[in-house]
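First comes one chain, alone, set out as structure tokens in the form predicted on its own.
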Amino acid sequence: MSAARNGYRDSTNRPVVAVTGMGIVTSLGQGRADNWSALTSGRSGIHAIERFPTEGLRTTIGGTVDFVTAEPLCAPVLSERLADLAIGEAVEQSQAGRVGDFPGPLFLAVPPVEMEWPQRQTLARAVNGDGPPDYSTLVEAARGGGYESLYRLFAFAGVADILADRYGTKGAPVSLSTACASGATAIQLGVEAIRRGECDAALCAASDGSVHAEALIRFSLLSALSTRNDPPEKAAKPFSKDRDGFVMAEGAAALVLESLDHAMARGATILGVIEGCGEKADSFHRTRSSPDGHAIYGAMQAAIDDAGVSADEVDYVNAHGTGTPENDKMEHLGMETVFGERHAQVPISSNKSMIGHTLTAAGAIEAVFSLMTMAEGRLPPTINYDTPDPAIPLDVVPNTARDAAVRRTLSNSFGFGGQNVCLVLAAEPA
């Protein structure tokens, strides 16, 4: 690797974007070491939900992070707590600044901040009047009824502000939601900011702590969730013929991105490189992707093109791999279109078979796992792959981890409503 006169640049003369810190929390554990050990051993973090009553529900399992607590226990507060743990680990590893003084902006993917039923019931008791109060009335009741923390949370959706203050990031934080592609979008925004020269470093994080009764029921009404409740660890079956839906889960991940110039100048350890980002939306349906798969294929190809490489130079794919009948079929179509005859030989595995679908956080969590895959030379398995689907002839690294040298990874994130973002990550700069 050699530096051009104007610094480390890619083939289109953009700054090379390096990763210098990573943090992660999932149902498998807290931190990189515990998660990687569990993931590569094929251990599942999916279990029976104990956080709220599930009697009468079709789905009673999830990948909840029960070892992290929050008060009040609601999605935004838990998401903030999970993000804090992941960001703290990433900043500590990177040594780019410190807590309270990070040298760049925050891009945070977080689930939509919505008042959940326990908070609605608490605040409804503080409201005088006839009939059930509407949402805005509840928020106003929080402001004057001694519930200031709830008011700040639900009126201003301040998760990103809280974390930006805690870590001392620069400029206004960006809080975003692009459905299940959100985590990858946060990384994409950080990459683009560094490429444009707006900053030398960026903190990109994604978090989701939204396994609560209302969210579970909503996804269940869409027939999106697996109903294979017993045993829970066998429920998530990406790419299998008998797959029946995804499993809701929680978690967070954070990456410290820097221009390679900035990282090398301070002697940072380079954990990998974000070579390319591709984004395509199809606007076909509120939840479904277009049947022709053009946006899924388009996002994959756009990421590869943005990286300035060919599909033949991709060694491994970290799948979106939710385990829903339609998503897995569409991802196979994308693989077949992008990789051609080689698609059945490219190893592709789904972390969701073990951790469930972490929704807003998925793209960032899977980016961390992709970087660890390249660093460790070990492919995580797709567990529960007992009944192959003959219509999806892929090498899914079935059931057992596999040692392999991986130079470059494509990480896929496909969201409801056709919001698709893919990332190309490399083990080291070209």
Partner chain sequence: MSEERRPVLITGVGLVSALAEGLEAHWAALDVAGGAAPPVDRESYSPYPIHPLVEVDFDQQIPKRGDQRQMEPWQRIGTYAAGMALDSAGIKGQTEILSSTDMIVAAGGGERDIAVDSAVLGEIVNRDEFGTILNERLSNDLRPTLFLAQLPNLLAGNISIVHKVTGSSRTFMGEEMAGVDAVRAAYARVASGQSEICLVGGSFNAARHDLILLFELGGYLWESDWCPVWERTDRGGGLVPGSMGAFLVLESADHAARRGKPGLARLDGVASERTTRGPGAAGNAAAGQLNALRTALTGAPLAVLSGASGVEPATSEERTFVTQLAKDHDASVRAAGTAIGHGFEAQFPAIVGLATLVASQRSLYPPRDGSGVELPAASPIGQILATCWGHWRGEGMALVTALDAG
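Residue numbers count along the first chain shown, from 1. These numbers come from a predicted model, not from an experiment.
The following text describes the form predicted in complex with the partner chain, which does not appear among the structures shown.
The partner is not drawn, yet in the model of the complex one stretch among 256-264, 349-357, 190-198, 236-244 has residues with heavy atoms inside 4.5 Å of the partner chain: 190-198.
Proximity to the partner chain in the model of the complex holds for none of Asp34, Glu92 and Phe369, with the criterion being a heavy atom within 4.5 Å. Mapping the unseen interface onto this chain, Gln121 counts among the residues with a heavy atom inside 4.5 Å of the partner chain in the model of the complex. Within this chain, Glu114 lines the site of the partner chain in the model of the complex, having a heavy atom no more than 4.5 Å away. Put simply, Gly272 is far from the partner chain in the model of the complex: not one heavy atom of it is within 4.5 Å.
Though the partner is left out of this view, Lys280 does reach within 4.5 Å of the partner chain in the model of the complex, counting heavy atoms only. With the partner removed from view, the residue among Glu214, Asp305, Asp101, Asp230 that has a non-hydrogen atom within 4.5 Å of the partner chain in the model of the complex turns out to be Glu214. Exactly one listed residue, out of Gln301, Ser175, Thr337, Ser290, brings a non-hydrogen atom to within 4.5 Å of the partner chain in the model of the complex: Ser175. Along 388-403, a non-hydrogen atom within 4.5 Å of the partner chain in the model of the complex is carried by no residue at all.
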